[in-house]
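Quick heads-up: it's one chain on its own, the form predicted alone, in structure tokens.
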Amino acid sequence: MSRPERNLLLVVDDEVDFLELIEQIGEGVGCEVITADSATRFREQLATRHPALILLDLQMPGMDGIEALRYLARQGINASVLLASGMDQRVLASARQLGESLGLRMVGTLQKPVMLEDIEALLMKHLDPGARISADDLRRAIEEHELVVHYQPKVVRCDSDWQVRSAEALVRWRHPSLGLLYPGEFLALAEQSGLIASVTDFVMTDAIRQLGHWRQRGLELSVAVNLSPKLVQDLEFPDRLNRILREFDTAPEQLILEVTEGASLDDPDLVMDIFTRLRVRGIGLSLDDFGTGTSSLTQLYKMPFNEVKIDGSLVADLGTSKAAATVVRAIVELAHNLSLTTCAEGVETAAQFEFLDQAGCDALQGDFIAAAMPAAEMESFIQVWNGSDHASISAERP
């Protein structure tokens, strides 16, 4: 079975105008588009190319859509399939069900005539975002200040209540044509292209500058920033970070660097050097995504972390898995026995909040508390949250 070519779209339709429309829309959202206006051309395209997505008209001369689905199944095609037709929705639904019974990856239907926005939305949904942008696009975005930082509040246990005392800095890209892009859509590209240091320096500088602004407004917060595994092995990074802290007169203790546990596997001695220098200067170190890898316990007692961040996948399973609940309690107890604090991410429900509260977790973040927001919105959110009583958490957010 051949691997699909990323973002290659095959459009199968005998209407030339429709083919041209889809070709224009597909290329606009980052697809490579190939077309087939007959059964013969359909088979020829599949013989030489391996589309990731197929938009198939059910009413094709020479081979109707059902025959085409059977052909795809016989050939072992593993592309996602979208069905289009001017027939009613019941026919489309039946055809989709047939495709699924044949083992095909049926991902949606379009009823003709279709709106341009509907086509674009479906293509965007099934598009691999990494192919929409290039290293040159990202380099230009950095130079032209298209990157922005949003902040997700973190609440910290304060006696019997929970107060906003920190936030995680999360980068976004305001792309001029693609809209707001999230880290998963461009950070891998930044790593591969060698631009990750520039992106991280931007986030770090924005976060440290923002700490100073909040301090002037009477808000004493700390900020967590994700550190790329590549920078964990950059001996110049601690000094570069120290210069940024001095430039904005910010205390190192207000900064927490979040590092995944796999970051130190390649050269642990070098990473130990860098981590220790950071901790000596007062900068916090958080072991991110704890509980999802294989070397966590070794990292905990060998590396100078002062916080453990419980992965959101464990938090998500708290309501349905006794094992997950047991593991989370064990992580909190283990961290406290090692004189480390704990932060749980991905808190999305009141039940999760209450469980983590009772388990003794020290800090929490997630959409139940608040989604990441522009820095300008943080002050008003903090005033509302910190002005409310959270000793007894209800399902209603403040």
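Residues carry their position along the shown sequence, with the first being 1. Take the two forms, superpose them, and find the largest set of C-alpha atoms that agree within 1.5 Å; that set is the rigid core. Note that this is a predicted model, so its numbers are computed, not measured.
A second form of this protein, the form predicted in complex with a small molecule, is not displayed here; the remarks below concern that form.
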Option touching the small molecule, based on a heavy atom within 4.5 Å in the predicted complex, out of Val171, Leu110, Ala324, Ala95: Val171
May I ask you to choose, among Asp37, Asp57, Glu345, Asp362, the residue with a heavy atom within 4.5 Å of the small molecule in the predicted complex? Glu345
May I ask you to state whether Tyr182 is within 4.5 Å of the small molecule in the predicted complex, using heavy atom distances? yes
Looking at the partner-bound form in the predicted complex, is Leu83 within 4.5 Å of the small molecule by any heavy atom? no
Answer for Asp289 alone: is it within 4.5 Å of the small molecule in the predicted complex, judged on heavy atom distances? yes
Hey, in the predicted complex, does Ile283 get a heavy atom within 4.5 angstroms of the small molecule? no
Please pick out the stretch from 362 to 370, 331 to 339, 41 to 49, 62 to 70 that is in contact with the small molecule in the predicted complex, where contact means heavy atoms within 4.5 Å. 362 to 370
Compare the position of the CA of His336 between the shown form and the other one after a rigid core fit and state whether the shift reaches 2 Å. no
